[in-house]
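As C-alpha cells, the next two blocks hold two forms of the same chain, structure 1 and structure 2.
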Structure 1
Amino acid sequence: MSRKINTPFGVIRIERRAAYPRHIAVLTTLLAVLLAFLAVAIILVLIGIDFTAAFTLIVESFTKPELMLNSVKQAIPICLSALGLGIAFKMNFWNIGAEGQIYVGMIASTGVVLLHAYYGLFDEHVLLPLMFLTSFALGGLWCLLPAFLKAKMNVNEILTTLMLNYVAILLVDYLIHGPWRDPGGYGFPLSIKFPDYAKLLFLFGDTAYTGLLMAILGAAAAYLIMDHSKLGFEIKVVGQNLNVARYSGIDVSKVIMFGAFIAGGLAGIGGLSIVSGIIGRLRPRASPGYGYTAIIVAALAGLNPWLIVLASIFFGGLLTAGDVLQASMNIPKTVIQMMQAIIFLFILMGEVFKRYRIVFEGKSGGDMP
C-alpha cells in the first residue's frame, strides 16, 4: 500500500517496507542519534553555548556513577509505561494515555500512605505491597475505560486515552491543593513525606537498584505474557487481523480489555516509582512527560521488552543530562527542552524511515534513479 503526494518538483510516493534488515535498522537508529547531536551542536554554537562542554556533561550522565544511578531512576517510570504500551500496541490498541495512568498510579500509592499515616489502617510491613497492588489496579482501571468503549462501542481509543490524561493530572492538582495537602507543609501543594518503609529502598538502600530490578521483572513479565501465554497469542492475533481473531473463536472484546488493563497497570506502577522512588511524596506535575516519552521508547525498541529497558535508560540519561546542563552551565530550561525535542524528533524520523520507503517519481511519474 502506497500514498502519493504531489509537489511542485514532482510526485513523492510513500510506501510501507516489506522488510528491513536488523543490522541496517540498528545503523539507522545510530545515524539518527548522531544527526540529532549534530543538529543540537549547531544550534548551541548559534546561540553562543560551548557545545563541547555541554556534550561532556551529557556523556557523564551515562558514565559517572551518581549520575548514572539518577538516569536509571528517571528511566523506571518510562520503562514500565513503555512495557505496558508494548502490549497495547501489539493488539493495535493505540494507548496514548500512559501519562494519565502514571498519575492515577501516584494517586493510588499516596492514598494508601495517607490511610496508613492518618488512620493507621495498614501495618507498615504490608504498606509497600498494597501500594503496588493499588497502583496496578487503578492504572489498569483507568486504561480499561477507553478499552471498554472501544470494544463495545468502537470509540476511538486515541481520543479517550489522551483526554483522560488531563483528567488525571487535574485530579492530582485538586487533591494536592485540597484534602491531601500536608498540614505541616507551610501551604505548599505537597502531600506528606513518605516514610522510608513506603519507599523503594529495599535493594541496597537505593531506588535506582530497586527500580532496575522492577524494570527487569516487568520486562520478563511482558515477555512471558506475550510469548508464552494464551493471552499473549490472542493479543497478537487480534493485532494482526480482527476478522481472523473472531472467526477463530477469540473473544476480541475480552482480549482488548485484559490487554489494556495490564498495560495501564504497568504504567500505574510507573507512577508508584515516581512518588515512592524519585520524589518521596506527591506533588503537582510530578511527571515531566514520562508517559509520552514511553511512546517513543516503545517505538524505538520495536515493542521488544528487553530493548525497552535499554532504550528507557538512554532516555532517562537524556533527562538527567538536561538537569545537569541547567544546573552546571545555567542553560535556560527552554533550550534544554528544545535539545531533548530535537533528539526525540530525529529518533522518530529514523523509525519512520525504517518502516516506510520514500520514492521521488519526478514530474513524469517514473521513479527517479
Structure 2
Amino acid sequence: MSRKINTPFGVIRIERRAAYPRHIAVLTTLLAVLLAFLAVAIILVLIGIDFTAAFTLIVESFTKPELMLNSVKQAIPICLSALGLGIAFKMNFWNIGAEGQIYVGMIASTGVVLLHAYYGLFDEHVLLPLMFLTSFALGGLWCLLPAFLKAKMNVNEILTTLMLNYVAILLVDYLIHGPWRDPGGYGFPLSIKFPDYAKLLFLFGDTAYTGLLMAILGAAAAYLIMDHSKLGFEIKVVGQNLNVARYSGIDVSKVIMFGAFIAGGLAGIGGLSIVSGIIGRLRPRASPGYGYTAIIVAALAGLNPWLIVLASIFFGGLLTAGDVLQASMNIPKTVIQMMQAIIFLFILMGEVFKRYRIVFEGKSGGDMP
C-alpha cells in the first residue's frame, strides 16, 4: 500500500513498512524526543528563556527522588486507565470513557469505605481488597454498557462512552453534595477522610511504591491477557478483521464485552488510586482529565503494556517538571503546556515513521503527468 504526493520538488511516496525491527523503533522514538527538545529549545530562545537552565531542571526533576516519587504517584491513575485502553483499542473499541470509568471507580471504593465507616461493615483487612474488587467491577460495568450496545445494536461506542463520562462526573457531584457529604466537614462537598488502612500504603508505607507495584501488576495482567490467552488472541483478531473473526467462529459480541469489561475495570482501579492514593477522600472533579490523558499515553506507547507504564511515568515526570520550571524560573504555565504538547506531538509523529517509509523520487521518476 503506498500513496504518492506530487510536490514541486518531485514525488514523495509514502509506503507502509512490511516490518519494523525493534532497534529501529527505539531509535525513532529517541530521535523524536531529541528533535522535540530541539524544537522546545528554539521556542524558549525565541521567548527569551535560558533553555540550558530549563533543561537542567527537567533532568533534575527526573532524578531527584522526592520529585520522581511524586511523578510516579501522579502517573498511577493515568497508567492503569491507559492499560485498559490498550486492550480496548486493540479490538478497535474506541473507549473515550476512561474518565467516567475512573469516576465510577472512585464511587465504588468510596462506597465501600463509607459502608465500613458508617455501618461497621467489613473487617479492616478485607476493606482494601474489597475496594479493588468493587471499583474494578463497577468500572467494568460502566464500560460494559456501551460495549453491549455496540455488540448487539452496533451503536457507536465513541459517543456512548464519551457521554457516560458526564453521567459519572455528575453522579459523583450528586453523591458528594448530598448523601455522602462528611457530617463533620462544615458543609463542604467532601467525603470523610479515608482511614489509613483504606489507603494505598501497603508497600513501604508510600503511595508511590504501592502504585508502582499496582502499575507493574496491571501491566503484567494486560500482557498475559493479550499475549498468552485465548481472549487476547480473539481480541486481536476482532480488532484486525471483524469478518475473519466471525468466519473463524469467534463470538465477536462476547469478546467485545469481555475486553471492554476488563478495560473499564482497569480504569476503575485508576479511580481507586486517586481517592485512596492521591487525595485520601472523595471530592467533586477529583480527576483533572486523567482518562483523556490516558488516551495520549496509550497512543505514545503503541498500546504495549510495558511501554504504557514507562510512558505514563514519563508523563507524570513532565507534569512535575512543569511545576519545577514554574517554581524555579517563573515560566508561565502556558509555555509549559506548550512544551509538553510539542514533546508528545513529536513522539506521536515518530510513530508514523515507524509504520511508514517515505521515499523521495526525482522529478523524472515515477508516473508524473
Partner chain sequence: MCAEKISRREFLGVARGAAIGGIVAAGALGAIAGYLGGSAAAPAKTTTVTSTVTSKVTSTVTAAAKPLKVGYVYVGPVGDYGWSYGHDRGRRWADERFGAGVESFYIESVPEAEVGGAIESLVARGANLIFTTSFGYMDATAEYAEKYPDVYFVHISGYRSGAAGNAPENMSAAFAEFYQLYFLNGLAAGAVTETGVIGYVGAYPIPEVVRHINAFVLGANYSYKKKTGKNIKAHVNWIFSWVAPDKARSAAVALVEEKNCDVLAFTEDTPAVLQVAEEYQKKGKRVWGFSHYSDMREYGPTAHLTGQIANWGPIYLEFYKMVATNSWVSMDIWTRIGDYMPYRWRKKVGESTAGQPEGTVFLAPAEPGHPQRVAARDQEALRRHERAPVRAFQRRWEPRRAHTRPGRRGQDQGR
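Here, a residue number simply tells you its place in the sequence of structure 1, counted from 1. In this text, the rigid core denotes the largest set of C-alpha atoms whose superposition between the two forms falls within 1.5 Å. Nothing here was measured: the structure is a model prediction, and the numbers come from that model.
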property	result
Form selected (criterion: the form predicted alone)	1
Hinge (C-alphas switching from one rigid part to the other between structure 1 and structure 2) among V167, L69, F122, A39	L69
Degrees turned by the smaller rigid body between structure 1 and structure 2, as judged from C-alpha superposition	13
For V59, CA displacement between structure 1 and structure 2 after the core is overlaid, in Å	3.8
